[in-house]
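Let's start with one chain on its own, the form predicted alone, as structure tokens.
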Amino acid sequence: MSISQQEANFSRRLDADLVQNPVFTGVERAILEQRLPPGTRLAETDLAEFYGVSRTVVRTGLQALAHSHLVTLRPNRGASVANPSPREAREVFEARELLEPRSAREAARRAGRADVRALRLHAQEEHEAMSANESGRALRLSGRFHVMIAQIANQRTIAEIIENLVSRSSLIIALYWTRSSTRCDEGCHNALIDAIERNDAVEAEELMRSHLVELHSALRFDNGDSSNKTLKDMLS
């Protein structure tokens, strides 16, 4: 069995258990919403107390998060939120720039009315989060928008890779984002939806490419401020 097949089997085995694992779902959401900054220590005892679960459940959740590159596990040092280097940050966005434009192209070719309706509803939810100044939630929804396009393209393996890259991007944004820059805005996502609705594959591909290049160019590779909040405060 190849390494890629082993990883795929591992992911499938995790799916059923992780839906019910509050540590995995809770910590993942906190990371994607930027409530847990890169480098935050994730003590097993604190997580077990906060979620009311055993240390075994905590370890299972942390191992799955490490598999998704959201958490780093170090022997004798425990777990912490991953802290991507500038090189890793560049590589993640370069990979997205290679994969997502082609997925957008294929999505435009395949999309039906139900797909377009789902994208518009999701974009509206994202806009409402931004209007309410819920920046963390808006970021998570923005990432999910990109994953939905990959799923509409019906390229399962590529969609799984993109989902992983989008999750890792949230950590990169937490570290390297230029706060004065505009994030995924409503106009950009709506333009993509319009192109997909018209089944304009060329336009969808170009819009996605320019969108990702703009996001990449907004990264500045210097560390952000650290937080004095406790783990419980950040998870709550």
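In this text, residue numbers run from 1 along the sequence as written. The structure presented is a predicted model; accordingly, all values stated were derived computationally and were not measured.
Omitted from view is the form predicted in complex with the DNA, to which the following refers.
K.L.:
Checking a candidate spot here: are Leu42, Thr45 and Arg77 all in contact with the DNA in the predicted bound form (at least one heavy atom each within 4.5 Å)?
P.N.:
Every listed residue reaches the DNA in the predicted bound form, so yes.
K.L.:
Contact between Cys188 and the DNA in the predicted bound form at 4.5 Å, heavy atoms?
P.N.:
The answer is no: Cys188 has no heavy atom within 4.5 Å of the DNA.
K.L.:
Determine whether any heavy atom of Asn199 comes within 4.5 Å of a heavy atom of the DNA in the predicted bound form, and answer yes or no.
P.N.:
Judged by the heavy-atom cut-off of 4.5 Å, Asn199 is well away from the DNA in the predicted bound form.
K.L.:
When the contact criterion is heavy atoms within 4.5 Å, does Ser210 count as touching the DNA in the predicted bound form?
P.N.:
Ser210: no contact with the DNA in the predicted bound form.
K.L.:
If we define contact as a non-hydrogen atom of the residue within 4.5 angstroms of the partner, is Val57 a contact of the DNA in the predicted bound form?
P.N.:
Flag for Val57 set to yes.
K.L.:
Pick the stretch from 91 to 99, 69 to 77, 159 to 167, 105 to 113 whose residues have a heavy atom within 4.5 Å of the DNA in the predicted bound form.
P.N.:
Result for this chain: 69 to 77.
K.L.:
Could you run down 124 to 161 and flag each residue that has a heavy atom within 4.5 Å of the DNA in the predicted bound form?
P.N.:
Not one residue comes within 4.5 Å of the partner.
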